[in-house]
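Shown below, as structure tokens, is a lone chain in the form predicted on its own; questions about how it binds or moves come after it.
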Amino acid sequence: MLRRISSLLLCSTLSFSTYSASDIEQLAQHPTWLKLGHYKSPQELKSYIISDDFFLSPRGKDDPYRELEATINAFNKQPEKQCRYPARYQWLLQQGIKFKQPSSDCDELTQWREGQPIHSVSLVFASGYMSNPASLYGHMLLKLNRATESHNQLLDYSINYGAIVPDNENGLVYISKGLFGGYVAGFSDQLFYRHQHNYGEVELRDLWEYELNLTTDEVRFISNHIWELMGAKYTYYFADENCAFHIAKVIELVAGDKLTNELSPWVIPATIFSKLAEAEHNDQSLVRDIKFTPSRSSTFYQYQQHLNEQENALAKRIFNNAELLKSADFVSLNVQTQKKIIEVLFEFVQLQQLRQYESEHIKVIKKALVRARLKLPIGNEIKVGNYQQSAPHKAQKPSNYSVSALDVGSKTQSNLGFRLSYFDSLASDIARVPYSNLEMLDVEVAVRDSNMYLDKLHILDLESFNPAYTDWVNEGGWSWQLNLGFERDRTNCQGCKSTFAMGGAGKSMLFNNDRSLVYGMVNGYFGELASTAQLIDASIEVGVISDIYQDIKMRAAIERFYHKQTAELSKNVELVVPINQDTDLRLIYKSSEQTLWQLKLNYYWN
């Protein structure tokens, strides 16, 4: 009854409005109004936003009707509130509501939005970065495009959502607090060049930009709402309420629930981009265009491919000794070849400068290159742009169901598996770090002799091989791996079980035109280890990962434990045959005291 009286009083304050009290109540339940307040769902009327100053009503966090009521009253009495909530104002006008106060000028908003007009909206995917736990799964940005033929795209606005994390926060602390809501998060805006520099130049991550197919009014609506969100605070959850989820929620203001509906409990950028590529809007694809921006390392590798074997060898020698730019070996070359070598060296020098390699040497070689280049005709010899990297939505989907049949020690069993995310070393390399492994919550349940029991539980399984893609100086890095979990090791005995934490470090190298990788690791184990019956143990592991034919891949490894009493090595071979983007078939061979064969069918999903 009180709400009905309140609605009648509210309607009496609206001039020339045809809205009744029941209309106002329905408007408060409209999907767009709920999205403007970031309410969780029509059934759970609680906002994701936790900061009080975002709401005009003291009860606005969990009462969209009271927030609508307070908004309409504010627009009638305080015209400056139009400038604070331009998306709300735009939407209410579109619903036919008219206010007593005229439209405000909103100089600051107008300058931000129209000084260089925002004409389109994009979503940007930054590939994963294995050196930072916050970036293992890639990152997602929203981009407000202002670029024209005379205005560089680096001055577009990029909108970031992220946790507010203290400087030098420990990685394990970050993961723990991020998983359980220990950080406050929010949106921030910067010029795009800052993010492109950080991701592409410092962290050496490739970028893909998906420009959206939106109308002019929709672009303004998104821009206005971003303005409203600046300063709003959220609780950050690494697993689900993260950058991908909340940026997708902003796009759903105009695109409907096409990106976050039917999500698994784990939300990562790759999932959103997969849904984005499938979505339609206004009877057209939601994605208008996809653009690739290479990292500094990808650009160098592209440049370096323009040199033949002899030119490549000379360029490496010049990097180590700048005086060779004056030698007959260099000056006797034709002008085009000299320019090519210098251009490649400039790219490599910039890459090494970002990697903080011997700053004095970098200064010397840069000066020498500039002097040598000034002696040559103007114009670039190398033109790059034919990059082969496929877009993220074409990658293998992150979650996995599996069914498999095993034969071990003359006994058979069936396994059912589930993996929450994200990819392993034999998955497609599209939009991911090649030859790497990033799996969380990988579970297999065995069915044997009419009994069911846990066969495998890997909570976290990480591998990063960091191979050198060229034989130039300072290329490549340390390989490392980390695994935490439980598994039954039937290759040692039928009842053997291991619960362990494992970490390893080593080196790797590429061969076979970068289609194969060989690695060596020294591993340390802690826990209940079936293979050695020790609490602490160490091992040496040697392996190879290879692209055999087209998308068919193979991984083989041998491992020798320090405390193991027998001379038997642990051997592991896995072959994967992709069927399509969502399915593959794997043949697995393991051997130690006993031999295990496993045939596994995997289905991948978002």
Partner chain sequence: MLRATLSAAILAGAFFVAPAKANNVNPWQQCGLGAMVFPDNGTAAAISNVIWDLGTTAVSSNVSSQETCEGADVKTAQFIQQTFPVLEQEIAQGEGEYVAAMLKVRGCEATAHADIVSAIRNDYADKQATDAQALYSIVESQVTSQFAASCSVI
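C-alpha atoms forming the largest set that superposes within 1.5 Å between two forms make up the rigid core. Since the model is a prediction, treat every value here as computed from it, not as a measurement. Residue numbers count along the first chain shown, from 1.
Just so it is clear, the following notes concern the form predicted in complex with the partner chain, a form of the same protein that is not shown.
Checked against the partner chain in the predicted complex, the residues S425, Q153, N312, S297 give one hit for a heavy atom within 4.5 Å, which is Q153. With the partner removed from view, the residue among M230, L416, L535, L457 that has a non-hydrogen atom within 4.5 Å of the partner chain in the predicted complex turns out to be M230.
None of 484-492, 434-442, 375-383, 253-261 except one has non-hydrogen atoms within 4.5 angstroms of the partner chain in the predicted complex; the exception is 375-383. The closest non-hydrogen atom of H195 lies within 4.5 Å of the partner chain in the predicted complex. Interface membership of V267, defined by any non-hydrogen atom within 4.5 Å of the partner chain in the predicted complex, is ruled out. In the predicted complex, the partner chain sits beyond 4.5 Å of every heavy atom of F292. Though the partner is left out of this view, K143 does not reach within 4.5 Å of the partner chain in the predicted complex, counting heavy atoms only. By the 4.5 Å heavy atom rule, the three marked residues N168, S188 and Q350 all count as contacting the partner chain in the predicted complex.
Taking a 4.5 Å heavy atom cutoff to the partner chain in the predicted complex, the one contacting residue in 84-115 is W112. E169 shows a C-alpha shift of 2 Å or greater between the shown form and the other one [criterion: core-superposed Cα displacement of 2 Å]. Put the two forms on the same core and the Cα of M230 is off by less than 2 Å between the shown form and the other one. Taking 2 Å as the criterion, V335 counts as shifted between the shown form and the other one: its C-alpha moves by at least this amount when the rigid core is aligned. Pairwise change in the predicted complex: G379 and V202 C-alpha atoms lie closer than in the shown form, at least 3 Å.
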